[in-house]
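Next up is one chain by itself, shown in structure tokens, the form predicted alone.
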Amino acid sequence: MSSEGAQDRAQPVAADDFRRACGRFATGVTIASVVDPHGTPHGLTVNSFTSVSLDPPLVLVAVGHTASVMEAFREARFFAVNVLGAGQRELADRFARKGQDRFDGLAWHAGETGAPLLEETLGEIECAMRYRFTAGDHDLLVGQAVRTEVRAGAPLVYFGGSYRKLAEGESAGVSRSRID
């Protein structure tokens, strides 16, 4: 069967149908974070995150145009991806809510790049911003990893519109790496 001419006949699916179909793909949950030019930390819950390349080490984060932190990400030279563990649903919810200072009263520290790193996450990836593309209603931010750290624990998982835990978690030791 040929797909020749299929693009002329194909109609895009409705947004709700597309969201439901994508929801059938289990993802990890992360918080992307950045510091604005005034030194104020910003972040949001992101499950649209993926590794792109090992050489050089690149990751991609998708941030919606309507996100209140969008301008801070557009101006940033560095950002971080904080990988959440199974017990960090409250943190994911906090950074998904709008209309509040998500860092108010929260334990965090500036990484080597200045990007905000959250306490007790499964992992952190500090990135230098390399590319930014507009794709539909999101910006795709591609960062080159310049420092990583991982910790033992099970991940927080998102599937079918709900947070989940894996039936069996895998533990791994702490590991650090830095790219100069």
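Throughout, we count residues from 1 along the sequence that is shown. Everything quoted here is computed from the prediction, not taken from an experiment.
Another form, the form predicted together with a small molecule, is not on view; read the next lines as being about it.
Shown alone, this chain has one stretch from 42-50, 145-153, 128-136, 113-121 that lies within 4.5 Å of the small molecule in the predicted bound form by heavy atoms: 42-50. Taking the partner from elsewhere, residue 64 is found to have a heavy atom lying within 4.5 Å of the small molecule in the predicted bound form. In the predicted bound form, at least one heavy atom of residue 96 sits within 4.5 Å of a heavy atom of the small molecule.
None of the heavy atoms of residue 58 is located within 4.5 Å of the small molecule in the predicted bound form. Residue contact check for residue 140: none of its heavy atoms lie within 4.5 Å of the small molecule in the predicted bound form.
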